[in-house]
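Only one chain is given next, in structure tokens, and it is the form predicted on its own.
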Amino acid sequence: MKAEWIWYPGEFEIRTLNRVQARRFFREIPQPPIWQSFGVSPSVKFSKIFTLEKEEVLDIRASGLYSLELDRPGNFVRDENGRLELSPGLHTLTVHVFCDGGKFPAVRVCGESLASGKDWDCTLLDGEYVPADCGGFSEAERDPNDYALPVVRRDPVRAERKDGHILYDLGEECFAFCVFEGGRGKLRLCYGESEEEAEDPEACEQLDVLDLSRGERRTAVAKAFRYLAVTQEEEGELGFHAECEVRPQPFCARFSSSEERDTRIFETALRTFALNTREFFLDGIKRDRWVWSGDATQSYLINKYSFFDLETERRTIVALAGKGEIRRHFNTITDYTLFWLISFYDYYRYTGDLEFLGRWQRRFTQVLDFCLSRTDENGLLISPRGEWVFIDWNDALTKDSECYAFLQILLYGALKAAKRVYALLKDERAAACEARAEALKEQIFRLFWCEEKGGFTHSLLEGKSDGRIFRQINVMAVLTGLAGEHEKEQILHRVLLNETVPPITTSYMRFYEFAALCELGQKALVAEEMRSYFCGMLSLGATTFWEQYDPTRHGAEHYAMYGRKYGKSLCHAWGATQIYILGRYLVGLRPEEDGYDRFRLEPALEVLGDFSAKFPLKEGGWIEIDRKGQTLRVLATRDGSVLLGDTITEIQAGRETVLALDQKKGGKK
């Protein structure tokens, strides 16, 4: 049988998160996470009741000290070098693992008919047993505590000797260790996402020093860079290559179009997202390298149209939830906790994984209850001092306000998501969440809706609306379903298409703006806006998409952010926005119903031109869509349907369907 390493739920994620977030540096200074971190429990008991038909020898591996109890409490037995002989019959085996030094207890038991897996139980010795967790670690010698991404070698495409240093160019952004051959003395490394950054030792974001005389030939931490400037203490021949960390993916979406710009944008977005898909979904690979819930919420959706990597997605969701008593919002950001609640339901919408919802239902409830404990007598969410209301990178959005409409709208979305989660789990709390959501909706309309301006206003000052209109607030009102048909019409024409309303400049919030515009029927506008926004970066030589792009800036001005010359991330997960918008709205692929057992395809043919695409479906499935002239071809591994105009065509799994298109209407002939 195939045995897996097992552990107490959440411990692998907590341990791995701590290791990942300890690797952030600003220049040579460590930057630990600025929010609460959690430790793992050192003592766990694993147990299994089973019947053997014949005598069997078990191979037992553990990540720490362990004892074995067989058949009854207190009946401790010894194994011989990890091998335990058992007679036929009914048995109970308990493995108590104690693991010190920051590692979590884990065990692997393997026999001919018995194997450790999710059908084992475990306890923190707190009086409660829960199903054990595992994550695909089946190799006996591969302790999950030592989990690390594989590396691949990459040689520089250019090495140029300059005054005082050698400048290496890897050709595109990478996340890598630096390895050197030859040379003498000390090496000073200056990393850069841009050439200017690498050659600016006083302002570059990342530095390293290696002493070759001490045998230091490989950097200790992988870092993000395209360019590397190396200063040698002593002259000598020096060889360099990078060892790039990669997260192998069994599936990778593809898209090509007769509109060449769309192809380039998609491929660059895919590479951007791949680099930020690591042990978890990171926000950016150069500066933060942390797991932020708001960033991750977008990554979950992008993931469904790129890799469908549920292992990384589940790991990120669980790690963000932490453990124990909740005292502050995720990442200290109020909106990021609300996004986590919404993403919990979205995970099910695309996967149908009810087991995951049930396993983490208790934590979901604890997070929801924490948010509701921060509401006032009117049910409005208040964010106390010391916690951050982010919304977007725009100082005007989070200044001098008592109560933010954005938070109330997100809380409404979180309550609606909670209602669906509890309904799926047949939990009576579903009705209470629905009632609270509707009561909150009434308050939001009473306090923030402005008919005169055609949108929801930003915040309250001294109990009254400040009257300010921003896109971010109204975008979220559309996407959470808060806005009705009348409000959506007003928001479209008087806010989102109104040039006097301050524009959104971050890829983060453009993600939501593009989605809202598509929901409001503006797919052609979105396609052109995306081409303009992302091609602007490509025209400047970008090999990945940035945290923010402002076309009014010039030269090295593009790299500045947070008051630092090179503070901006040039490879940011939310820069992969285009993957989700293209897949979900322009190609038009989505779950036909919760659980994604069937798909619905509704391509915006008037926008796309000729194209060829392949996207993942759940459980390793996929769908191919090809449009050439007046023919649309669809082949998928699951059943679904295609909506063209007013016509719905059924698609059978494994059977290619060819549709002739109506040249005038873009529908089916």
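Quick note: we count residues from 1 along the sequence shown, nothing fancier. All values derive from a computational prediction rather than experimental measurement.
Just so it is clear, the following notes concern the form predicted in complex with a further copy of the same chain, a form of the same protein that is not shown.
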Select, from the options 390-398, 322-330, 346-354, 150-158, the stretch whose residues sit within 4.5 angstroms of a further copy of the same chain in the predicted complex by heavy atom distance. 322-330
Find the only residue in R429, H96, R314, K488 having a heavy atom within 4.5 Å of a further copy of the same chain in the predicted complex. H96
Identify which of E451, E377, E202, D126 has a heavy atom within 4.5 Å of a further copy of the same chain in the predicted complex; exactly one of them does. D126
Does the 4.5 Å heavy atom contact test between F76 and a further copy of the same chain in the predicted complex come out positive? yes
V40, heavy atom within 4.5 angstroms of a further copy of the same chain in the predicted complex: yes
Could you confirm whether E28 comes within 4.5 Å of a further copy of the same chain in the predicted complex, counting heavy atoms only? yes
Can you check whether P32 is within 4.5 Å of a further copy of the same chain in the predicted complex, heavy atom basis? yes
Sequence-ordered residues of 362-382 touching a further copy of the same chain in the predicted complex, heavy atom within 4.5 Å: R362
